[in-house]
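Single chain ahead, by itself, as structure tokens, in the form predicted alone.
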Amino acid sequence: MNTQELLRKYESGHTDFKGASLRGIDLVEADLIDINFSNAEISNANFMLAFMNRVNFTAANLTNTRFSGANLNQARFVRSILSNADLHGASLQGADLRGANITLANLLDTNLIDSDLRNANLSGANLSGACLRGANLREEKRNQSANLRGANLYQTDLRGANLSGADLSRCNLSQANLQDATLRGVDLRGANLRGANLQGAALSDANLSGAELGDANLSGARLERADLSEVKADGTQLERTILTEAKLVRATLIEANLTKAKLNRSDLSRANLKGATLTEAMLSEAYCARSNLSHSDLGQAILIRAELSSANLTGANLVGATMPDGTLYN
């Protein structure tokens, strides 16, 4: 079916093109509200600047299709194939992308506010500058979490997004806004979160081993039982952050701000906290074997039953701290 035939049918009231063969069709700036393209073959097509609110692309093949600048608000892309598609600057607010294959797609500056991306595969996609406020990427079943492995999410807006259980390993999330996002149990191994805003984010049971967190802001974030082994977090803001029972083995936290942080029963063995601020931090029963706490500020910190016997405390400030044996340091 060619462009003229499709538009003629649509203008006469025909909206059902289920299973149609539309490979390479050119529909630039077309107005196709509520049209049904489910199960259709639409690879290599051109929908640039088209107006396609509530269009149904369920299970359609949209490989290499161009949607730059298109309005796709509330469109349905369930189980569709958008591999290598170009969605630069498109608006998909409230779109349903559950189970969609969006690998290697270009979503630069795309609007994905309130979209549903559960079980979507965004591996290798470019989401730099995209807005995912309120988007849903949470895990519904053990084997059905969103896959963003290796995706580019530089400066992406993910405020309040639900990414629980998602695979974000090796992602570029530098300077991304994840304020108040839900990231429980996410896989962030080796991810780049340098300069990211994670204030108030929920990261309980998350795996951030080997992640880059330099200059990130995790103030007030919850990281109970999180794995932060070998993270690089120099200069990171962790004020009032909850790190109870977190694993920080060999973590680099040079000059990090951990004021009033809760590190009870955390594992800080061989961690480098040189020059870190731990004023009024809670470190009860923390394991600090061979930790480097030289020149750190532990003023008024709670260190009851903490393992500090092999820690390096050279030049550290302990004024007002409650020591492992319960005595007050003077």
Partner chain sequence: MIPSWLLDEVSQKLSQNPEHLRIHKLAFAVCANRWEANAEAIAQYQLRDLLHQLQLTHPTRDDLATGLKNLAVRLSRPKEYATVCRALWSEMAPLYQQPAPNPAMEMTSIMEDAGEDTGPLVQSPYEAIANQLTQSPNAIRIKKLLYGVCSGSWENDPQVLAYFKLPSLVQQLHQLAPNLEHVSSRLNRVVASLNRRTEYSQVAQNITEAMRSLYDIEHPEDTGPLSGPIFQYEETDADAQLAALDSDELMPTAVGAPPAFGDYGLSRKICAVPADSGIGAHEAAGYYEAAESYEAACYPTAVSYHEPTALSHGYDAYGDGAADYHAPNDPAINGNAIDEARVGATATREEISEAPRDRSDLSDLRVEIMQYTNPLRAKMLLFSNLHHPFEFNSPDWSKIRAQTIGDLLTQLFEQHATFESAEQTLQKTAQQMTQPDDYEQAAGAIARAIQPYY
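Everything numeric here is computed off the predicted structure, so don't read it as measured data. We call the rigid core the largest set of C-alpha positions that still match within 1.5 Å between the two forms. Numbering follows the first chain given and starts at 1.
Not pictured, yet referred to below: the form predicted in complex with the partner chain.
- Although the partner is absent from the chain shown here, none of N264, S284 and M323 has a heavy atom within 4.5 Å of the partner chain in the predicted complex.
- Contact with the partner chain in the predicted complex, judged by any heavy atom within 4.5 Å, is made by just one of D167, E212, D157, E239: D157.
- Distance criterion of 4.5 Å from any heavy atom to the partner chain in the predicted complex singles out S128 from the list S128, T103, S219, T259.
- Although the partner is absent here, K274 sits far enough away that none of its heavy atoms falls within 4.5 Å of the partner chain in the predicted complex.
- Although the partner is absent here, S80 is not a contact residue: none of its heavy atoms lies within 4.5 angstroms of the partner chain in the predicted complex.
- Residue contact with the partner chain in the predicted complex: R133 places a heavy atom within 4.5 Å of it.
- Taking the partner from elsewhere, A202 is found to have every heavy atom lying beyond 4.5 Å of the partner chain in the predicted complex.
- Contact with the partner chain in the predicted complex, judged as any non-hydrogen atom within 4.5 angstroms, is confined among 62-70, 276-284, 289-297, 30-38 to 62-70.
- Although the partner chain is not shown here, in the predicted complex the stretch 105-120 places heavy atoms of N106, L108, D109, T110, N111, I113 within 4.5 Å of it, in sequence order.
- In the core-superposed comparison between this form and the one not shown, I302 has its Cα shifted by less than 2 Å.
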